[in-house]
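First, one chain by itself in structure tokens, the form predicted on its own.
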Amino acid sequence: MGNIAILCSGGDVSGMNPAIKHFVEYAKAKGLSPFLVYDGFEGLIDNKIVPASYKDVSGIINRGGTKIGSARSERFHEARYRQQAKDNLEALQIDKLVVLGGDGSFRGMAKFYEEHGIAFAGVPSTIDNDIVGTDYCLGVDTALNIIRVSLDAIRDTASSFKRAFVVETMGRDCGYLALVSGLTSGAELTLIPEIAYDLCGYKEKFKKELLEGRRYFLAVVSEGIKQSSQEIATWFEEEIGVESRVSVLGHIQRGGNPTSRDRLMAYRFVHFAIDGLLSGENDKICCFSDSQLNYKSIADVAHKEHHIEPALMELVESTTLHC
């Protein structure tokens, strides 16, 4: 029935390896010959495209990251390199691609499809959970659980001292990770880019809590807020009068064993992607919204502003204080 390939583009997430595993198994079950593209679009250009067997994906379901590597490719923006990628695929008679990545990767593939007719199905894969049109991106659940474990451990230490701990999560301009992590860790302060705040609104409240016996504070802040984590820590020391520490979780959030949910969603996304390609959905993003999978065009996903679910926003907004 033809040849099909899979690649990862942009930042890695836990869940990519389960997706790659199911891609090989399900492609074979559907009579397709699966190929692995190493190092994303760079691999398409440099012809790092190899046939895949069950042996290639054995034992990877529990591993974070991606066995086939990922990359961000400046060269793919140029027509001559896209032509080179097309020639490499054509030589192997590959006319279908599954792409694990973000909206930038999907825009690149849309251009590739427009020029050369290589059908693709995009699987949203980013811990930032900031792709329009889908409520869930691959890797998010694992990242949230990594943050949860970190926050619980920090709270153990925090409870032993009269200190404030400021924990910074990733997310670029999207505060989803910080919002959910702040709520589920019981943080005393949660700050995200989407909600305006004024720290002076917390001053009286926190000082009162100290007088009533509070020994520590846990603050969860997104990397995209207007102030740095160190500035928040300094505020705790100068305005609230408690010693402070900063923990920037950084890339630890992108790794780790994929959770059961990310493994299951990887299977569902890839299953849906391959079925779509076989039924003629040639340039679609596989999205998860309203508790079900659906196909959306790149026009419905790219170049649009992402908004966190209103119900989640209300939970944080209701506790955000202003002067």
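On a predicted model such as this, the values are computed, not experimentally measured, just so you know. Numbering starts at 1 and runs along the sequence shown.
Although not depicted, the form predicted together with a small molecule is the subject of the following passage.
Quiz item: Just one stretch in 155 to 163, 241 to 249, 194 to 202, 101 to 109 has heavy atoms within 4.5 Å of the small molecule in the predicted bound form, so which one is it?
Solution: Flagged stretch: 101 to 109.
Exercise. Identify, from the list 73, 145, 185, 88, the residue with a heavy atom within 4.5 Å of the small molecule in the predicted bound form.
Key: That would be 73.
Exercise. Would you mind picking the one in 207, 215, 116, 172 that has a heavy atom within 4.5 Å of the small molecule in the predicted bound form?
Key: Contact residue from the list: 172.
Quiz item: At the 4.5 Å heavy atom threshold, is residue 17 in contact with the small molecule in the predicted bound form?
Solution: Contact check for residue 17: no, nothing within 4.5 Å of the small molecule in the predicted bound form.
Practice problem: Considering only heavy atoms, tell me if residue 226 and the small molecule come within 4.5 Å of each other in the predicted bound form. | Solution: Result no; residue 226 lies far from the small molecule in the predicted bound form.
Practice problem: Verify the contact flag for residue 77: yes if a non-hydrogen atom of it lies within 4.5 Å of a non-hydrogen atom of the small molecule in the predicted bound form, no if not. | Solution: Because a heavy atom of residue 77 falls inside 4.5 Å of the small molecule in the predicted bound form, the answer is yes.
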